[in-house]
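In the form predicted on its own, a lone chain appears below as structure tokens.
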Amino acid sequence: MGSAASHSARLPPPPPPPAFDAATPPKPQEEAGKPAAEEKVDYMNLPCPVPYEEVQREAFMSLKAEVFEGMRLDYTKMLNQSFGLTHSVSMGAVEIPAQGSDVIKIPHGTYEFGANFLDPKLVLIGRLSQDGRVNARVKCDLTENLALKINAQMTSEPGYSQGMFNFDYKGKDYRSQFQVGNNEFYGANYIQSVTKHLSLGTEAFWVGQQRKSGVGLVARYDTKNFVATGQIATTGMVALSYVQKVSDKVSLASDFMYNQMSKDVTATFGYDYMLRQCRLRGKLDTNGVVSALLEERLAPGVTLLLSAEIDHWKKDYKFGYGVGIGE
């Protein structure tokens, strides 16, 4: 009886073993403590760099806003998807040289008529002012990688007309350009991507009429958060720029310019703030010049411009407002 009772009162079976995932949980702390593997550079698949003349384009857009004085009205009328006409009227002042730091301004007004032809492979832009000055720009894609650019300015004053032909070639990870212009100007530049973020370039030019030549070097480091550039030339010019992308809408920029020939040194600090309906750009340089430009979109096809520039050293103050109509 005792043996039967003992067999009937057996202990329950042990619980099943835990699942494999629960038995071997991940160790995020240990994984995070391990050093990340360095990203290898694929030198056979580097990105194509920006054109040589646009190496400092982020700093240029933030620090070189087109401020103006007086009143400006721009009207654009698109006749079809490719062709449009423009009318521009401005009333302001023209500065003339004066002795000392005084600034002499003479009231001046201009009217400019323009025509634009925009096509994926051909762009034609022309401007004609009331004083007979003609400006023309042409961009034509000859092949998938080769493009021709023409810039011309014709005036009635002798010696002020200019023309330039640019042949741009875009490679897989490099760009090259050859230039021919009046006054026996010949130039060439080349820029190459060295890594995913770093590109290096060089340029050379010759002006036969003035018997002048020069060689330049440039470097650009571009990431998602900042862009840094450096440029030096045998003409005595040194240019440095840095643009920090604070967010998708805010950028802070600075540049440093040194001219050995004139011994001029200038440092500039600026900002570029883009909102849903407006864009605000401003800067301050070591010459005591403060400027700002506001572009406010009032309605579809209507833009308000407010411009201001104050030069404390020369006591020169410029304020302007304008309206742009048309897309």
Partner chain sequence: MASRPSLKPKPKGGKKSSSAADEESTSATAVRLVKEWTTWTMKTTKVVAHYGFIPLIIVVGMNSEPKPTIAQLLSPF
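Numbering follows the first chain given and starts at 1. Here the structure is a predicted model, which means the values were calculated and not measured.
There is another form of the same protein, the form predicted together with its partner chain; it is not shown, and what comes next is about it.
Chemist: Can any non-hydrogen atom of S161 be found within 4.5 angstroms of its partner chain in the predicted bound form?
Modeler: Yes, S161 is a contact residue.
Chemist: Looking at the partner-bound form in the predicted bound form, is R127 within 4.5 Å of its partner chain by any heavy atom?
Modeler: Result yes; R127 sits at the interface with its partner chain in the predicted bound form.
Chemist: Taking its partner chain as it sits in the predicted bound form, is N80 near enough to touch it, meaning that at least one heavy atom pair lies within 4.5 angstroms?
Modeler: Looking in the predicted bound form, residue contacts with its partner chain include N80, since a heavy atom lies within 4.5 Å.
Chemist: Even though its partner chain is not shown here, does N145 get within 4.5 Å of it in the predicted bound form, heavy atoms only?
Modeler: Contact with its partner chain, no.
Chemist: Using heavy atoms only and a 4.5 Å cut-off, determine which of T155, T202, T223, Q210 is in contact with its partner chain in the predicted bound form.
Modeler: For this set of options, the contacting one is T155.
Chemist: What is the one choice in L240, A233, A136, L198 with a heavy atom within 4.5 Å of its partner chain in the predicted bound form?
Modeler: The residue in contact is A136.
Chemist: Given a 4.5 Å cut-off on heavy atoms, tell me which of 102-110, 212-220, 72-80, 89-97 is the interface stretch with its partner chain in the predicted bound form.
Modeler: Comparing against its partner chain in the predicted bound form, the contact stretch is 72-80.
Chemist: When its partner chain is placed as it is in the predicted bound form, are L85, N116 and G132 each within 4.5 Å of it, taking any non-hydrogen atom of the residue?
Modeler: Each of the three qualifies.
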